[in-house]
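In structure tokens, the next block holds one chain alone, the form predicted alone.
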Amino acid sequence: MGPVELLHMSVFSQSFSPCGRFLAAGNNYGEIALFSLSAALSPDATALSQKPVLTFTAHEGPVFSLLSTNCHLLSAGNGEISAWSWNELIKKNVKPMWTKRPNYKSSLEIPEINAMIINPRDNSLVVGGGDNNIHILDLEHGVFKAVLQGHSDYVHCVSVREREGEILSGGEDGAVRMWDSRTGQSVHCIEVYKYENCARPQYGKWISCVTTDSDWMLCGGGPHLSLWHLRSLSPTSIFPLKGCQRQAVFHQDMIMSVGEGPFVSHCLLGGDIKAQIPCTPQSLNTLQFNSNSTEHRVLTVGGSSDHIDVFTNLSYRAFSLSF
């Protein structure tokens, strides 16, 4: 890859291997790079340890979503999902186990897939993307078994409330929809931009991130990042972060968020910004915690750069991996 391509690279997605020793990252050119965390974190690490052990082209369009199961890496590109064996990738064997396409209305239409999450309740893959629908893939039988229809524009993000058997989705239409995963029916629809304290008309109404933790939901995008109580369906905290937030997670007793701006924001549940930790990329798309291995417990962050920042301590960047 030449200097111009590297200059215009964006990292959209990341996933840690089940053993926690490797990180997969997907970029805007359809490539997936595999990094060895054990090499990069070793006391004997060199500049070479921060480069990929393997890079391969997985899809034609950008790799907007990566996800790991117990033995597979799932990647989503333009209109398709591929599964790769982690064991084979670690041995540098690049061959998908399978590639599947949701049942789109038209064969001419190739909508991108923006988000995927596993629903552990029935071992299904919840997929959201550019055709405004949510597709449910039965991972055991390898078939798409349901389509959830209700959004009037792109679906950007999906989340699962396992205990309640609910799926949440956020879209370009400004709605967060809650679905009953058993019936496929939409049970609630929250139009976040209609709440005065959340709305930011200058950024639009789209929802780019949604995540849940039991009775709580975080969502944001055009509207401010906000914390909602799902039993009362009302916002309890609004976070005064500038720009659109692209990913937010609950972490211990705080919230961590990335989006426009070269930093990871640490926020308190009450709505205050506790800290903003500087990063290499000028804007960020993805943050991931590696909880699969205590030895390699890191936070990794990627965005508008060929660099992925690694934090061994949440208060400063330790080093960067790069494509």
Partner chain sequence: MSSDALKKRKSKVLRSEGGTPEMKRGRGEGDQQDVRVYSEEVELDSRDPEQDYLQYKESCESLATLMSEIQELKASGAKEGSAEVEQRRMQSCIHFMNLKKLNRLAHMRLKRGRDQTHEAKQRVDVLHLQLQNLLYEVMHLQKEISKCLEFKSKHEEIDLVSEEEFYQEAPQNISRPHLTKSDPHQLTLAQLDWELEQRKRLAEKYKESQATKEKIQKSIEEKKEHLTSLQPGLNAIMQASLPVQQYLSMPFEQTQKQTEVARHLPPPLYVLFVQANAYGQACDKNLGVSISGDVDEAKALSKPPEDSQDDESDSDAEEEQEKTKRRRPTTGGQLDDKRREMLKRHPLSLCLDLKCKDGSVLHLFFYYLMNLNIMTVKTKVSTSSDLSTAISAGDLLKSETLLSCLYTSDHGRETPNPANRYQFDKVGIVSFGDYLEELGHPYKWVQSLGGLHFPNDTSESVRVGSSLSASIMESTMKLLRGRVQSRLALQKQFASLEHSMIPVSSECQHLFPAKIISRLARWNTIAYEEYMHLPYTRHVTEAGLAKETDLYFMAVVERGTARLQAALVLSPRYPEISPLFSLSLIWKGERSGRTDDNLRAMESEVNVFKNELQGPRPGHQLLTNQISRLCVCLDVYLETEGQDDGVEGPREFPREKMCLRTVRGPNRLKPFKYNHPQGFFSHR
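Numbering follows the first chain given and starts at 1. Bear in mind the structure is a predicted one, so any value in this text is a computation, not a measurement.
Not on display, but discussed next: the form predicted together with the partner chain.
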In the model of the complex, which of the listed residues (E109, E162, E140, D215) lies with a heavy atom within 4.5 Å of the partner chain?
E109
Checking Y203, Y195, F250, Y104 against the partner chain in the model of the complex, the residue with a non-hydrogen atom inside 4.5 angstroms turns out to be Y203
Name the stretch: of 83-91, 230-238, 119-127, 195-203, exactly one has residues whose heavy atoms fall within 4.5 Å of the partner chain in the model of the complex.
195-203
Honest question, do C71, H135 and N292 all end up within 4.5 Å of the partner chain in the model of the complex by heavy atom distance?
no
Would N78 count as touching the partner chain in the model of the complex under a 4.5 Å heavy atom rule?
yes
Could you tell me if H224 has a non-hydrogen atom within 4.5 Å of the partner chain in the model of the complex?
no
Heavy atom of F263 within 4.5 Å of the partner chain in the model of the complex
no
Any non-hydrogen atom of S305 within 4.5 angstroms of the partner chain in the model of the complex
yes
Within 1-16, which residues have a heavy atom closer than or equal to 4.5 Å from the partner chain in the model of the complex?
P3, V4, E5, L7, H8, M9, S10, F12
